[in-house]
Each structure stands twice: as structure tokens, then as C-alpha cells.
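Given next, in C-alpha cells, is a single chain: the form predicted on its own.
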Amino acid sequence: MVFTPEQPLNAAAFGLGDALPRAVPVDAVVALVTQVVSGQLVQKLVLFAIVFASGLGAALLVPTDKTGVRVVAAVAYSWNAYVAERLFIGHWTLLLGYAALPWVAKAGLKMRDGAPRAWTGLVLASLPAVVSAPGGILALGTALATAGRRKAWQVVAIGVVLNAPWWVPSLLHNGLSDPAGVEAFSARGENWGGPVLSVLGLGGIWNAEVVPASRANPMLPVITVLLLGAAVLGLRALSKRMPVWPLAGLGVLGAVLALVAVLPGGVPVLEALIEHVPGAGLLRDSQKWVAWLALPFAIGLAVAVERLRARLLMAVLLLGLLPDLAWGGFGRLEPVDYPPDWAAVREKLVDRPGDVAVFPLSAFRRFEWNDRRTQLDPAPRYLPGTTVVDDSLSVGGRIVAGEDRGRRGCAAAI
């Protein structure tokens, strides 16, 4: 989760560089904000917003006046494998969009009911999500599922406008990614239940290094099935109070998309799409779409235990299933200071022409000052100007080509 004291504002931040605009518009937003406040403060605010907004939003989405029920929804949505794994890998922009989904759902329901100026609420709720392309798509899908067919054209119009900062620059690129990434970034099993039950338990991320140890619990697949069954029963009861089945259907779609690469025939289909269809690279790392399942699961489970006196016991059970998210993942999440040399180099490069080459040419590094943990190279977000990197990635011994096929890619090849 790389933040820098002051991120430079350059063409790449707006998606106008050689690479695909994957960090658009978030790089521009962070660059503008860090002109006013330090990056470390921005990072702390983002982390707080992810945890607080996701839990509060899920709690308020449940139509009940029982605090215990809302606590179950909050814990189920904010304390799960999806949040843990994406947090450990540093995908804070995706989690910011995830945290916005309950609020987007509430705004969509208001649009469905014909509330005055409900569209403004949808715009405001979607803003944290549209800092990234996946987050914007997650928000758009959630809004469509909750606003209903009669409001669909308004929702799509809002979504197209709010997501323009990333899809407009995408038109300037060929938008094609390496199809080798399909298998490399496919969902993986975390226990004997395999990838299917891992994904249905909101886990299954491709990177084994970020998977909490508790996900290997041999009882977890059984508990996952039981909790999902309870959530379905809860959604059935909840459907009498609010239209939840479209949201549940979206959750099923998210699970299917997350599992496409591990289903028979899924890999060649995705490879063909990514190789020939611009923008289809968003289907890589498909496990991220299981975020759509988390919200109906959380509110369904909360309603399922609404009539029980052991509501708080359910919340404790959910916490206990993922103990290694506590205290920053038992030390996995901790702030790390940059060595003074970084600031010294930045000062020397200010107002100097030309690009900066950082050797070895790799977008992912292991520094001694960060305990040799794999991390994104902070140079492009720390040093002024344009930094030359090789954005290819080695996953399990397989090289997935980067998406910067222009000048930077040529420099990396040299």
C-alpha cells in the first residue's frame, strides 16, 4: 500500500502516459491532495474510511431498529476474507469502492422509490468508488441492481459520466493485456474446499502471500456453506421489506465472474477476450468481482439472526473466523518510513529535464528498509517527472507482460 509524502502530478496521473490508465483517476486525486497534506495522513484517513464506512453503510442498509442486527451486518461486511486479503495486498482503491457499495445501494433504493433529487445521493455515494475502474464498475452494478429498471437509464448515464476519467483515456490506448494473466491471476483454493468455496467465503485471491493463515481452517468450508444458507434464508425474509433479489442476483454474477477462470473452458474464453477486446483486461484478477456477493451476504445473514437472542454471538463468531485481521494482521500492516536518501534524490531531480531510470527495472521491489517484503516500487509516485519501469510481473514463475508497450517498455527491454 504505497503512499509518498508528495505524489507528483504528471501526464501519467491522468492516464495520458504510455501505459494503460489503471491508476486513473486515483493518482491524480492523490497527487492533488498531497500538495496540501502529507501522504501519510491521506493513507491513515483512507484506512479509517474503508473500515468505518463499510461497516456503517452495511449496518444502515438493514431495515431494522435492532442494534445487534446492524452489528452483525457491519461485522460481516467489514471483517471478512475479501477485506483482509485486499488490505494485505495493498489494493486500497478497490476497498474504497467496496466501502462505498452499501451507500450506493441506499441511494439506488431511494431512486427506485422516487425520492426527490435521489440522483445527487447516488453521485456522492459513488465518488469514492470511481477513483478506480473496478470500483466504478462495482458501484454501477450495485446502483443498477437497486434502482430498478425504470431508473436504469439515469443510473447508466451517471455511471458513464463518473467513470469517464478512466474510460476516456483508455480510448487512446489499444487496451490489450497479456492473456497469460488469466491463469496467473485466477482465483485459488485456500483450503480443502478448493477455489469455489474459497470464493463463496469471499476469499480466493491469487496471491498466496497475502492469504490469512486462518483461511486454511479445515472447518471453514462447512461454516461457509452454513453461513451462506442462513444468508439466503435471511434474504428471503428481507424480500418482504425491500427488493433484495436483484442485489442477490448481482452477488451470484460476481461469484461466477470470480470463478470463470477455474471453470471448464473458462481460461481460453477469457484469454481470447483479453487478447482481442480492448478493456477486457479488467477481467483479470477476477476474484475482485466477488465484492458484489459480500453485501447481500452481510445483510441476509444479519436478518437471519434477527429473531435470535444470540445476535452478538454471531458477530463474535465472524470475528473469530478471521482472528488474523486483528491488530493490523498481527503485525503484517505497519507503517514504514522512507530512508532519507529518497528525499535527497527527489530534491536533486526537481526541475531537471528527461526521464528517470530506476535500476533494476522492475515495478515490484524488495527493499531492506521494508523487511524485503514484495512491494510496488514507490519511485514513480515519489520522484518528479516520468520514471522508467518494467511493469511485467512474475507470478509463480510465470512472467505476465506489462501493459506499457510504448517508450517505457522499449527502455525496459534495453
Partner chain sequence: MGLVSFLVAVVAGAALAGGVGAVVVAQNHPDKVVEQRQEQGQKAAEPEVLDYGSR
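What you see is a predicted model, and the numbers here were worked out from it, not measured in a lab. Numbering follows the first chain given and starts at 1.
The next section is about a form of this same protein that is not shown, the form predicted in complex with the partner chain.
K.L.:
Given that the partner is absent here, does residue 365 sit within 4.5 Å of the partner chain in the predicted bound form, heavy atoms only?
P.N.:
Residue 365: yes, in contact with the partner chain in the predicted bound form.
K.L.:
Hey, in the predicted bound form, is residue 171 touching the partner chain, heavy atoms inside 4.5 Å?
P.N.:
Because no heavy atom of residue 171 falls inside 4.5 Å of the partner chain in the predicted bound form, the answer is no.
K.L.:
Can you tell me whether residue 200 touches the partner chain? I mean in the predicted bound form, with a 4.5 angstroms heavy atom cut-off.
P.N.:
Outside the cut-off, so no.
K.L.:
Taking heavy atoms and a 4.5 Å cut-off, does residue 324 contact the partner chain in the predicted bound form?
P.N.:
Contact with the partner chain, yes.
K.L.:
Counting any non-hydrogen atom inside 4.5 Å, which residue from 253, 232, 313, 269 sits next to the partner chain in the predicted bound form?
P.N.:
Result of the distance check: 313.
K.L.:
To verify the annotation, which of these, 257, 137, 89, 83, has a non-hydrogen atom within 4.5 Å of the partner chain in the predicted bound form?
P.N.:
Looking at 257, 137, 89, 83 one by one, just 89 meets the 4.5 Å heavy-atom criterion.
K.L.:
Mind telling me which stretch in 244-252, 275-283, 327-335, 340-348 gets its heavy atoms within 4.5 Å of the partner chain in the predicted bound form?
P.N.:
Heavy atoms within 4.5 Å of the partner chain in the predicted bound form occur in 327-335.
K.L.:
Even though the chain is shown alone, can you say which residues of 135-171 have a heavy atom within 4.5 Å of the partner chain in the predicted bound form?
P.N.:
Nothing in this stretch is in contact.
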